[in-house]
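In the form predicted on its own, a lone chain appears below as structure tokens.
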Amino acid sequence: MKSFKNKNYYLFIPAVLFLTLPLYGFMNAIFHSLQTGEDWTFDYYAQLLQSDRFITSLWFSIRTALIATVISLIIGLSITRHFHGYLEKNAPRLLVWLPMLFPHFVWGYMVILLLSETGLAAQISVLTGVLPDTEAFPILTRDPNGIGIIITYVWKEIPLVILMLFPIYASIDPDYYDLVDTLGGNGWRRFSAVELPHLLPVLIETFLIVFSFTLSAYEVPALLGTTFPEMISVLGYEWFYGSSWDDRPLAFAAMVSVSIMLLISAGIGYLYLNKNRWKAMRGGR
């Protein structure tokens, strides 16, 4: 009864209520991926490991999400680092965060309008004589390398990276930079000794957020991707809503596998950050 008197437990109620529906869906997916008739089996997971289509789709999804996430972090970090003083003004900050107001689906359509073979960039290239016709324009959307998907997510997630990093740069004491300069440090030492220790936890958290979202999102890969290789979310959708009911357990098994992989990644990130926090509290580096 003593534990119920601790009001701190009430702080978890909103989180528990928020996670109830996703948790129910996840448990339901696990149930359907392990059951065949009245028996329990791992056959559907074994079929996934033997499926070239699933392995190819999983690798394509991880590669695409990883490239989009790393590029978003690098560009977002560079913009925040060089312009954080300018971003303290309301107008520039709102202008940078403006893409966050649009859904990913809308941003995918904008990429098609701009960068498809008949898009605005191709038309301008032909009119200015850069290209003889629109067929000579490189294929940047619905391509087998996922370039259109990567461009969409990079364009859309850079403002999120800036949103996450800007408060860190705004809170760094300028005296730290003066100390590095006094000791003869260069620009790299200013970054590695002053900024990186503050940025690293947020960079890891932002990486996990962007990577997980990009890996599991459906609308942009469905709009800008190809039929093969397809992102894992598109493959799961096709298996679930396809003509064959036999593929539905495979869709559940694929989504459960991806969810477990993301949970493990988040757990590793949490343990790493927690370990560093304990070191910092004890006065270690």
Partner chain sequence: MRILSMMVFFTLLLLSACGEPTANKTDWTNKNWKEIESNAEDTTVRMFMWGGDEGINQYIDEWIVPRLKKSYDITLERIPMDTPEILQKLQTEKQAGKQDGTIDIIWINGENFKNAKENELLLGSFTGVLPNYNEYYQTEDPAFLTDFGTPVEGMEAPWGKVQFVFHCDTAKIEKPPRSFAELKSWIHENPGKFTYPRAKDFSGNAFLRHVLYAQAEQPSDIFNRPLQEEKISNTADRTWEYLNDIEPDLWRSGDHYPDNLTELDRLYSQGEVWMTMGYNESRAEALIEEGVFPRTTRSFVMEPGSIGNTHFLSIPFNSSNQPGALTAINFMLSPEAQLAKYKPDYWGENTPISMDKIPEEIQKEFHAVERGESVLPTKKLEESFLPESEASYVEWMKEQWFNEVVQK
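A quick note: this is a predicted structure, and the numbers were derived from the prediction, not measured. Positions refer to the first chain, counted from 1.
What comes next is about the form predicted in complex with its partner chain, which is not displayed.
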When you measure heavy atoms, are R53, T141 and Y237 every one within 4.5 angstroms of its partner chain in the model of the complex? yes
Taking the shortest heavy atom distance, is I264 within 4.5 Å of its partner chain in the model of the complex? no
Considering only heavy atoms, tell me if S257 and its partner chain come within 4.5 Å of each other in the model of the complex. no
With the cut-off set at 4.5 Å between non-hydrogen atoms, does L271 touch its partner chain in the model of the complex? no
E135 within 4.5 Å of its partner chain in the model of the complex, heavy atoms: yes
Tell me the stretch among 114-122, 67-75, 186-194, 154-162 that has any heavy atom within 4.5 angstroms of its partner chain in the model of the complex. 114-122
Output the sequence-ordered list of residues from 85-106 with at least one heavy atom within 4.5 Å of its partner chain in the model of the complex. none
